[in-house]
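So this first bit is one chain, no partners, the form predicted on its own, shown in structure tokens.
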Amino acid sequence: MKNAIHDLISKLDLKPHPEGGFFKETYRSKGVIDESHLGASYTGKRNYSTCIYFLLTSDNFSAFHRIKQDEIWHFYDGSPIDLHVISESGVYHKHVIGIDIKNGEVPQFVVPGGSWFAAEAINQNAYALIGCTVSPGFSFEDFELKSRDDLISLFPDHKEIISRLTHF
């Protein structure tokens, strides 16, 4: 399995992502949205849309983080993933992203902007190749990664999952 993962990383030219896993931006629209047409929480322009490849392995996870925009997760290959979402009001849901639709998996899921979310491959010794589409387009200015303690202070009822899926 390690060789297959290294091959994917190499062939897709993936780089480590700050939240965990590996990624490569594959699309950034040429069109942009002027700051005056975005919500008050945005500074600067944003592209209409962006898309990335995102690779998780059973040895890593995508730590709890949030962005301002909605983010669409698309399943491509490998292990299904558990996508953990905590809404701004503190409601927790787990969604299984994969292709086994008969057993409740979905091949696509939208994480609402402002939600905290984390992801992990379900199967051991496996990888999950996912795509993520963001609109308005992703900017690291819109990315927030809090510490374990900060998230637990915001959502004490979800201490167990936050402790497991944060890096620091």
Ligand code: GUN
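A residue's number is simply how far along the shown sequence it sits, counting from 1. These numbers come from a predicted model, not from an experiment.
Omitted from view is the form predicted in complex with the named molecule, to which the following refers.
132 is the sole member of 111, 129, 126, 132 with a non-hydrogen atom within 4.5 Å of the named molecule in the predicted bound form. Taking the partner from elsewhere, residue 52 is found to have a heavy atom lying within 4.5 Å of the named molecule in the predicted bound form. Using a 4.5 angstroms threshold between heavy atoms, residue 64 stays clear of the named molecule in the predicted bound form. Among residues of the shown chain, residue 23 is one whose heavy atoms approach the named molecule to within 4.5 Å in the predicted bound form. Not displayed here, the named molecule is kept clear of residue 148 by more than 4.5 Å at the level of heavy atoms in the predicted bound form. Contact with the named molecule in the predicted bound form, defined as any heavy atom within 4.5 Å, is confined among 32-40, 118-126, 99-107, 135-143 to 135-143. Within 4.5 angstroms of the named molecule in the predicted bound form, the stretch 1-21 places a non-hydrogen atom from each of 17, 19, taken in sequence order.
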